[in-house]
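The data below hold one chain only, encoded as structure tokens and taken in the form predicted on its own.
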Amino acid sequence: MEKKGARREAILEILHDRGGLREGVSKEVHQETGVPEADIYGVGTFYHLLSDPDAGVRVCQGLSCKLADSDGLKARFDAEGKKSCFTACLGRCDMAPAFWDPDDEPPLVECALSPSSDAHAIDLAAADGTGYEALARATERGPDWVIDELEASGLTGRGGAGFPAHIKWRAVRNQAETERYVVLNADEGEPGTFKDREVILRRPHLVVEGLAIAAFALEAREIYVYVRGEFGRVKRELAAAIERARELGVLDDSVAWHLVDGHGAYICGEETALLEALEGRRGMPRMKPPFPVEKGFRGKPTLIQNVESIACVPAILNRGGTWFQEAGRTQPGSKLYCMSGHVVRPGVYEAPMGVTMAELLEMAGGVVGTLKAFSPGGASSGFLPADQIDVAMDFAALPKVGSMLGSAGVVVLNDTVDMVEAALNQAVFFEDESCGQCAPCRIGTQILRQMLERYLASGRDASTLEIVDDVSWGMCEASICGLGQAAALPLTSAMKHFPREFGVGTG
């Protein structure tokens, strides 16, 4: 039984400070927080960076890194006698094959960027200004004006869901409860995605300004920034920007800022799982409704936005909602697209929403080899064949061809890739990262991985894949969150577009 006054929210921070779940640590944290020791152990084992603190160098097994021979990189570490392990995508897809050593973090190198353009809301190539003009405009014209401009802009969430931002903001503002929170989701874990990393590294003041505007408009007194645990430099850059803004007198003490480390759980990119982590629990998604705008952090109204989404706000207020609306091609605004895999210049490219894959490939210098397939929006978006390169890369067009924009983490595959192996790579990822809360996802991800392994072990006997459709249907219809709902898509899309590789038909 948890005692009244127990400091549950402090659990993860203290575990992090103690170096993870080492011997005796769970008892120490229990004594310090009042939370039962078994509960602390259960929470700690949920997060990869806490449960196995002595794993050594973590070698990325995301698809882009696999394509760049991450297996060979790990073999090299093994040959050198350096302790290492495979881990989920590290958000360094532009540096494939990537690795992360907690004791010696490799520098994040300069990545390719799109050229500057007036149609860009974020413009990563621009100098990071400290004028905070948009915040000044917001405080002068008031919260209603801010939200009206967001509505006029048509800004939708850039984290994957594509939900209209103004609806979230207005919903929080209209709550009778006056204790409100703003939460920034900077836990960038979708394989193939690294745009938020670059936004904070290159334009941290843009992010700080967007958050300050949100807190003002919603009358929130606390801002929480949940930063991916492997992104130490990202967190430091943001902390420095906040401090600089205070020195400039832009931020005052009326709003408290909290920078919180993630601890290696992909599922915490789901907004309610992120809230569970902030509250010191295992990152398991909540049933909805109620939605976070009504009952979020600590059960209070909470705005949760992705980094790219919040970074668009200053430009919208400075240049007008109509400008942003017209900056897109098929949908409002510009969009950051991550390009990795078999491309000449992996990097982040900002383009009008609705740019085609063909255009993005041209921006990235073209394909290395001959294009075979691509993943438009991270692992969750599955695969599309090369003949779909003229589809609009937006939230409306991609679902019509059986995919999704998601986080716009584009992974390019040339004709040397075995699509069975590519699908297996994604299946392993989703099984490892399932929180295990609901049976359709917990069991379904395991079955998908097992079927693919049996298929390869049997010499590619198609009968081993007979129940793929049934399993994927159950996962999509009955899983609590988007992980389970999308986890089968890499396999089902690969089977649809490359049937011969799966022993199906004559396509």
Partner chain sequence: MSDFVIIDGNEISFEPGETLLQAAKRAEIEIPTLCWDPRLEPAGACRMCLVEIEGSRLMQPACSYKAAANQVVRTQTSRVQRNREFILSLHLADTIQDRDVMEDNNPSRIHELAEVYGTAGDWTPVAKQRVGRPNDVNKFISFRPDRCILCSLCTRYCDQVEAVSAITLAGRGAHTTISTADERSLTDTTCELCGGCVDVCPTGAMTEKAAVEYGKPERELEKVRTTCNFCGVGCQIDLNIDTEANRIVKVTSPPPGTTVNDGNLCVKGRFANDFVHHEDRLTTPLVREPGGGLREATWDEALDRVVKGLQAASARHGKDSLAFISSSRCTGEENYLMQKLARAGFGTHNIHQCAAT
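Numbering follows the first chain given and starts at 1. No experiment lies behind these values; they were computed from the predicted model shown.
Unshown form predicted in complex with the partner chain; subsequent notes refer to it.
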property	result
Which of 321 to 329, 428 to 436, 359 to 367, 413 to 421 sits within 4.5 Å of the partner chain in the predicted bound form, heavy atom basis	428 to 436
Whether A165, L274 and S309 all lie within 4.5 angstroms of the partner chain in the predicted bound form by heavy atom	no
Contact test in the predicted bound form: Y455 vs the partner chain, heavy atoms, 4.5 Å	no
Non-hydrogen atom contact V172 with the partner chain in the predicted bound form at 4.5 angstroms	no
Non-hydrogen atom contact A55 with the partner chain in the predicted bound form at 4.5 angstroms	no
Contact label in the predicted bound form: A265 to the partner chain, heavy atom within 4.5 Å	yes
Residue (of V348, M284, L398, A217) lying close to the partner chain in the predicted bound form, criterion heavy atoms within 4.5 Å	M284
Heavy atom contacts to the partner chain in the predicted bound form at 4.5 Å, residues of 46 to 70 in sequence order	F46, Y47, H48
